[in-house]
Ligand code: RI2
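A single chain comes next, written as structure tokens; it is the form predicted alone.
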Amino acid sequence: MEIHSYDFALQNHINMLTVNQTFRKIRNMEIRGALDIAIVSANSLLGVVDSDARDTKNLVAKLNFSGKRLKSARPTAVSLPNAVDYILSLANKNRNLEINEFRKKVSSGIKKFIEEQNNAIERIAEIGSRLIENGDIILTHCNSDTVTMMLKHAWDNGKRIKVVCTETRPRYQGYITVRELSKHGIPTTLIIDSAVHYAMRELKVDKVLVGADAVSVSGDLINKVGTSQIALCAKELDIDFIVATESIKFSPRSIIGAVIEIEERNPREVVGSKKFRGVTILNPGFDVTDARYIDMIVTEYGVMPPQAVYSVLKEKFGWELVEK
């Protein structure tokens, strides 16, 4: 079962996941989507806060150990270390408190963090849907909870749109998007990834709308592999390329020059059990779209050009995210 954190019917299941269970589910992509990963990880650390510990020092050590393990699950999803580091910063700030007071303070902080992230996606859907016009044909890639909610919000507000979805090989996350949108009543077309340029031209796509796994200080987008090619097509065809993302996916460490690692996935996702003697299988999970191909980024703070990411990072993330 895939976990979506904004689906509150699943919240009890999420709360029961241990750190090791969360690590495995993120690693195996049973839990997917950068925001979902951040929220589920925060919930698992909330469980650590409530676990048995001799004293505050021991509990802080448990949190640090657990956080390190969680961060190793998916190297590209910046929201994961952002969420974990924020919680660890709360723990380190309050490490001098008596253990019961420590639990109360840190638990409250984690719950507030989770609430803010869940509210962010709804806020982005409200803001971003205003960019969508009645009659728009919109192309999207992979599966983004944020994008899907934005499209549903526009539809529910009377905007009769059509959506074109890529299959998003090799894991076919586009199928999830197609199911969700068509079930909501939105006319949806599924295309193979290599038909993007053809579809954008022949179907007269008005906008491209994608999510994000990370955004660097320069405004460059790290998203599902294939995104950069779509951006190039959009630029060539003079189609707006819009990114919808929560600010938790901005990369604070990119300010100090850290490079966001692109995850190389298992070759079996591409070829299954087939054997190709002497052939190397390249299966990157993500690629980088240069900021110059991005027209705007929609966050919970509003619509901004990619050049504004630096200001948001300095203002909103000048805190413990970059502390060690």
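Residue indices: 1-based, along the sequence shown. As the structure is a computational prediction, the values presented were derived from the model and not from experiment.
Although it is not shown, the form predicted together with the ligand is what the next lines describe.
- At a distance threshold of 4.5 angstroms between non-hydrogen atoms, residue 29 is in contact with the ligand in the predicted bound form.
- Taking the partner from elsewhere, residue 153 is found to have every heavy atom lying beyond 4.5 Å of the ligand in the predicted bound form.
- Within this chain, residue 142 lines the site of the ligand in the predicted bound form, having a heavy atom no more than 4.5 Å away.
- Interface membership of residue 212, defined by any non-hydrogen atom within 4.5 Å of the ligand in the predicted bound form, is confirmed.
- A single residue from the set 177, 82, 223, 166 has any heavy atom within 4.5 angstroms of the ligand in the predicted bound form; that residue is 223.
- Interface residue among 173, 188, 117, 129, judged by heavy atoms within 4.5 Å of the ligand in the predicted bound form: 173.
- Comparing 275-283, 290-298, 30-38, 49-57 against the ligand in the predicted bound form, the single stretch with non-hydrogen atoms within 4.5 angstroms of it is 30-38.
- Of all the residues from 67-83, the single one having a non-hydrogen atom no more than 4.5 Å from the ligand in the predicted bound form is 74.
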